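Coming up are structure 1 and structure 2: the same protein chain in two forms, each one given alone as structure tokens.
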Structure 1
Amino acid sequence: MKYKNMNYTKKLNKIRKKSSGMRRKEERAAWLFLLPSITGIFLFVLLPFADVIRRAMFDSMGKNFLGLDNFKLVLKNEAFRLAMGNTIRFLATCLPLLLLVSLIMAFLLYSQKKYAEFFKTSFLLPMAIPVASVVLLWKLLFHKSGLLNILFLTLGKPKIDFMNTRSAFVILIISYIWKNAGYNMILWLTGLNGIDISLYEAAGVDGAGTFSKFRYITLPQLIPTISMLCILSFVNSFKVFREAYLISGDYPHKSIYLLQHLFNNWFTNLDMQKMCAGAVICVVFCLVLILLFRKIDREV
């Protein structure tokens, strides 16, 4: 009996060693596949950003160390405050609206299967439209001589210069939601399809209503999806600058003067120390926001 146990232990140890060796081999293969990406990120992202941090603490010639003076200068800059305020206002308005609209669209598609594929394709089409075409559409609709103003004239109302009034901010939000709602809807649908149907059936047997099922089953199961959507929508929100820049140029109406306009103007004027200090402040702001999303995801 003792002899049999010794043989069994030896075989078990052999299997463990073999399993451990295979795991190490797989880990080495994974690192080899990741090496080109890690090298690229280090050379083209991390290393240049380290230089940006260094430049943010020196004068424009890079000779005299100024410490935090450039950061103080940027934080007191009126253009930076306006751009930062507009960007935060844009994010605070767009992200909840986009999540809500895309979630409603996902629920509508989830509840009916007949035309689901057709609507999925239709809602994703705005993502495939080139920025230049979107700008053309904006001009066609919102220009002084555009379709909306022709309609106003027909109704006996005065013309509105949409892109040079506070309406420009609303148009920017509508454009962002129109373009990204389809993509977010697909991600919501992925999350909804991952929820086990038996949970709803069990809740129905216990007498749970539609709201209770959403509150205690759907919402908790969608928490990882919400976190991912928040981060992706946050990153995508910075791309709306292209439309605003192409239609309004370097200095649009102050309600849509975003951080990208400011950095573009600083770059044109070769104001490197302000640009570097501003970039570091923005990266810290973005990191804090992303870490906040992650923390909420872990705690909920």
Structure 2
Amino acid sequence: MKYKNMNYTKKLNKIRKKSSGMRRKEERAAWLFLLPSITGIFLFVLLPFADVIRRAMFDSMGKNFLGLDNFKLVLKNEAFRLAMGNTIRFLATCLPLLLLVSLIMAFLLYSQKKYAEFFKTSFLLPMAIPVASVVLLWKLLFHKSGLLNILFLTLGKPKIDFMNTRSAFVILIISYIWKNAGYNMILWLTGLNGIDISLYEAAGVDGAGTFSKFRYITLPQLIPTISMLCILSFVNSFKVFREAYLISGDYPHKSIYLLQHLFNNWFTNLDMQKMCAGAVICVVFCLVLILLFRKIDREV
């Protein structure tokens, strides 16, 4: 009995040794595959960003340690406050709106059999249309003497100079939704298609209505999709700067002066101090956001 037992532990050790050897081999292979990417990210992002943090805490000559003074300066900066406020307002408006619009579109398309492919293509198309091509049309539509104002005139309403009033903000949101709704719709559809149909059937047998089916089956099953949707929509939301810039240049109407404009202008003026401090503040902001998403959904 004792002998047998010893033999067993020996064997086990042998297996352990072998598997730990395999683990080591696996680790080595993994790091080799990762090496080019990590080296690049280290050299082009992490290392310089450490330098940015350092610069943010020193004066412009890089000699005197200022601690948090630069951050305070940026946080007090009027342009920064305007841009930060606008950006947050933009995100807070456009993200929920986009999620809702694209979810409705996904629902419409979910059970659609006729022309389903045509509709999918139609809704995805805007993301492929180059910004530069769109901008010309945006101008034509939203200019003071543009096409939309013809509609306003025939309705007997006064003309609006869309891009140079507060409505510029609305235009920006519309163009963001126009561009991204298809992308998000596909994500929702993937989530919807992942739901087992038998769940609905069983609920139907139990006498559940359309609303309670949505409330108790669809919604909970879609939760994993939502966090990823939010992150990707967040990533894409910063690209509205392209439309905003091509239509209105460096200094657009106050309501759409975004962080992107601010950084761009700091860059043109070579305001290194402000840029570094601003970048650090934004990274902290993004990190908080990601950690928040992770709270909701641990797998992000």
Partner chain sequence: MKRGLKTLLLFGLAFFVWAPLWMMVTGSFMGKDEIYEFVGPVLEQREGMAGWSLLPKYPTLRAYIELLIDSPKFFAMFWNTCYQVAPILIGQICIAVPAAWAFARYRFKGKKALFLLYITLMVLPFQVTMVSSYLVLLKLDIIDTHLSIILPNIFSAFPVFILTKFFRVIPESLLEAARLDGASEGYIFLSLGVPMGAPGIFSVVILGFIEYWNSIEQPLTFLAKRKDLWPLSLYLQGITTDRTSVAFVASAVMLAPALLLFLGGQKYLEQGIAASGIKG
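Nothing here was measured: the structure is a model prediction, and the numbers come from that model. Please note that residue numbering is based on structure 1, beginning with 1 at the start of its sequence. C-alpha atoms forming the largest set that superposes within 1.5 Å between two forms make up the rigid core.
Enquirer: Pick the form predicted together with its partner chain out of these two and give me its number.
Expert: Only structure 2 fits here, because that chain is the form predicted together with its partner chain.
Enquirer: Does G40 move its CA by 2 angstroms or more between structure 1 and structure 2 when the core is aligned?
Expert: Indeed, G40 is displaced by 2 Å or more.
Enquirer: Rigid core superposed, CA of L155 - does it shift 2 Å or more between structure 1 and structure 2?
Expert: The answer is yes, as the C-alpha of L155 shifts between structure 1 and structure 2 by 2 Å or more after core alignment.
Enquirer: Core-aligned, is the CA shift for F267 between structure 1 and structure 2 2 angstroms or more?
Expert: The answer is no, as the C-alpha of F267 shifts between structure 1 and structure 2 by less than 2 Å after core alignment.
Enquirer: For A29, tell me the Cα shift between structure 1 and structure 2 once the rigid core is superposed, in Å to one decimal.
Expert: Once the two forms are fitted on their core, the shift reads 3.8 Å.
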